[in-house]
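First, one chain by itself in C-alpha coordinates, the form predicted on its own.
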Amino acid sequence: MATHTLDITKEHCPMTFVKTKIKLAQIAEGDILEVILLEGEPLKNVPKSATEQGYNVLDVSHVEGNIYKVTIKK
(Lines give C-alpha, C1' and ligand atoms only; values in the text may rest on other atoms or scores of the structure.)
Protein backbone atom coordinates (compact mmCIF):
# COMPACT_ATOMS: atom_id res chain seq x y z
CA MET A 1 0.00 0.00 0.00
CA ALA A 2 1.40 3.38 -1.05
CA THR A 3 0.45 6.92 -0.11
CA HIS A 4 0.14 9.57 -2.81
CA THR A 5 -0.34 13.33 -2.47
CA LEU A 6 -2.30 15.68 -4.71
CA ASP A 7 -2.22 19.45 -4.19
CA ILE A 8 -5.30 21.12 -5.67
CA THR A 9 -5.08 24.38 -3.73
CA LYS A 10 -4.78 26.34 -6.98
CA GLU A 11 -7.79 24.64 -8.61
CA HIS A 12 -11.43 25.72 -8.58
CA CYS A 13 -14.62 23.62 -8.69
CA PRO A 14 -15.45 21.54 -10.63
CA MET A 15 -11.76 20.90 -11.48
CA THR A 16 -10.97 20.02 -7.87
CA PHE A 17 -12.80 16.71 -8.02
CA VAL A 18 -11.93 16.10 -11.68
CA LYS A 19 -8.20 16.21 -10.79
CA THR A 20 -8.86 14.06 -7.69
CA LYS A 21 -10.76 11.48 -9.74
CA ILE A 22 -8.00 11.32 -12.37
CA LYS A 23 -5.36 10.76 -9.67
CA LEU A 24 -7.50 8.08 -7.98
CA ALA A 25 -7.75 6.27 -11.34
CA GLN A 26 -3.94 6.24 -11.59
CA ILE A 27 -3.22 4.66 -8.20
CA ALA A 28 -3.55 1.02 -7.14
CA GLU A 29 -6.50 -0.45 -5.26
CA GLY A 30 -5.90 -0.07 -1.52
CA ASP A 31 -3.57 2.92 -1.93
CA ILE A 32 -4.11 6.16 -0.03
CA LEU A 33 -4.51 9.57 -1.66
CA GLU A 34 -3.95 12.68 0.46
CA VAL A 35 -5.62 15.64 -1.23
CA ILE A 36 -4.47 19.10 -0.14
CA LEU A 37 -7.22 21.66 -0.77
CA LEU A 38 -8.75 24.93 0.35
CA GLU A 39 -11.72 25.39 2.65
CA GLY A 40 -15.06 26.28 1.11
CA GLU A 41 -16.41 24.56 -1.98
CA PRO A 42 -13.47 22.15 -2.51
CA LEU A 43 -13.56 21.04 1.14
CA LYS A 44 -17.29 20.43 0.91
CA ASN A 45 -17.38 18.81 -2.55
CA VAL A 46 -14.27 16.60 -2.77
CA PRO A 47 -15.07 14.34 0.23
CA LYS A 48 -18.76 14.20 -0.75
CA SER A 49 -18.00 13.34 -4.40
CA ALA A 50 -15.36 10.76 -3.42
CA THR A 51 -17.87 9.01 -1.14
CA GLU A 52 -20.53 9.10 -3.87
CA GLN A 53 -18.03 7.48 -6.28
CA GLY A 54 -17.48 4.61 -3.83
CA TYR A 55 -14.16 5.68 -2.31
CA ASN A 56 -13.52 5.57 1.43
CA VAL A 57 -12.83 9.00 2.94
CA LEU A 58 -10.68 8.15 5.96
CA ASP A 59 -10.05 11.63 7.36
CA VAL A 60 -10.52 15.36 6.85
CA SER A 61 -8.03 17.43 8.81
CA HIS A 62 -7.00 21.07 9.09
CA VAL A 63 -3.42 21.74 7.98
CA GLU A 64 -3.03 25.50 8.48
CA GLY A 65 -4.87 28.70 7.61
CA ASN A 66 -7.51 27.81 5.02
CA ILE A 67 -5.73 24.61 3.89
CA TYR A 68 -7.08 21.14 4.63
CA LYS A 69 -6.09 17.54 3.88
CA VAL A 70 -8.63 14.92 2.79
CA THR A 71 -7.38 11.32 3.05
CA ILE A 72 -9.06 8.90 0.64
CA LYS A 73 -8.53 5.14 0.33
CA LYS A 74 -9.06 3.64 -3.11
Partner chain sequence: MFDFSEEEIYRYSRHILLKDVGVEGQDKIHNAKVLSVGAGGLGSPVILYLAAAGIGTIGIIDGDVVDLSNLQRQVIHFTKDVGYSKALSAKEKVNAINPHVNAIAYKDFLRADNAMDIIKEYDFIVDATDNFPVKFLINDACVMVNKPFSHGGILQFEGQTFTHVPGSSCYRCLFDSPPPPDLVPTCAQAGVLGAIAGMLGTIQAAEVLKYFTGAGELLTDKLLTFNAKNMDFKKISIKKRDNCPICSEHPTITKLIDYEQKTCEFK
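Positions refer to the first chain, counted from 1. This is a predicted model, so every value here is computed, not measured.
Only in words, not in the display: the form predicted together with its partner chain, which the text now covers.
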query: Contact flag, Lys21 vs its partner chain in the predicted complex, heavy atom cut 4.5 Å; finding: yes
query: Residue contact check: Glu52 to its partner chain in the predicted complex, 4.5 Å heavy atom; finding: yes
query: Contact of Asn45 with its partner chain in the predicted complex (heavy atom, 4.5 Å); finding: no
query: Heavy atom of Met15 within 4.5 Å of its partner chain in the predicted complex; finding: yes
